[in-house]
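Only one chain is included here, represented as structure tokens and corresponding to the form predicted on its own.
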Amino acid sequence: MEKIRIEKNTVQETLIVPLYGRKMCSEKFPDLYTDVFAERLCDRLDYDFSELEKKSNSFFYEFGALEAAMRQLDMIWEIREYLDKHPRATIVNLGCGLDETGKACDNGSCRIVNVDFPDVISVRRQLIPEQEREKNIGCDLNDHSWMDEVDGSDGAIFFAAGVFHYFRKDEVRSLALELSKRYSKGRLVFDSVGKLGLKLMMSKTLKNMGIRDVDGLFYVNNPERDLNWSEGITLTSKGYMLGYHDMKSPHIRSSHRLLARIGDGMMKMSINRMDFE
């Protein structure tokens, strides 16, 4: 099969780092996490991965990969739990990039929708063919018109992995409230960090985006207080790193588990679930 060329300093390249991270997770922590879709796609790309490969054995880069793996596992757990009760529901990947979590959860009867900016969806269509029961929507998430294309008649679960850190607080609140109005019995799942976590963990990325002040950005110090947006929404939150899995895999070091406890505790890393009445 002919390889697909990815040029430097393009939209395509910005999508490669998280994709490679998921592939690396599968290689380093196979007992914990596998992403066959990321592995297959990386194998199809004509791209110089050497810089990413150099970093891959550093302790903190390795922990970053583990962090990404745990987040995806948490999302998958929530999606599958929802599909157990609503097998024909629609899975909606918010800010999807090149992620194929929907396919990883496919039960043969659900529908899958991937939403991201139009230029990202254009790249996705080039690299990942849509399968049966799958649809891609190119739209800014804050332009709620994309919801017109999502059928929630058999249930709908929306998830955002590593996305809302770049949103303003009011944007996340507006999005959640609009979903709660439109999708009765639906669910929204997303990760968050506290203000300290946002400053420490995201500072370099945000600086590269020209963002200096995190005060207006979305962070959650106390989920019960900060996400108390509507009486029609039931909120539950768990630790991001250790809330769903104990991380007692043969490939995970005790130092990784220590950092995981710090992440869930001091950094206030959480997975938040909103169930709509």
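Source: prediction; values computed, not measured. For every residue, the number given is its place in the sequence shown, counted from 1.
What comes next is about the form predicted in complex with a small molecule, which is not displayed.
Exactly one of the stretches 177-185, 128-136, 80-88, 110-118 approaches the small molecule in the model of the complex with heavy atoms within 4.5 Å, and it is 110-118.
Using a 4.5 angstroms limit between non-hydrogen atoms, Leu15 touches the small molecule in the model of the complex. When contacts are judged by a 4.5 Å heavy atom cut-off, Arg22 counts as touching the small molecule in the model of the complex. Proximity of Asp99 to the small molecule in the model of the complex falls within the 4.5 Å heavy atom cutoff.
At least one heavy atom of Asp140 is located within 4.5 Å of the small molecule in the model of the complex. When you look in the model of the complex, the only residue of Met147, Val123, Ala161, Val172 with a non-hydrogen atom within 4.5 Å of the small molecule is Ala161.
Relative to this conformation, an increase of 3 Å or more in the Cα-Cα distance between Pro129 and Val11 is found in the model of the complex.
Relative to this conformation, an increase of 3 Å or more in the Cα-Cα distance between Ile128 and Val11 is found in the model of the complex.
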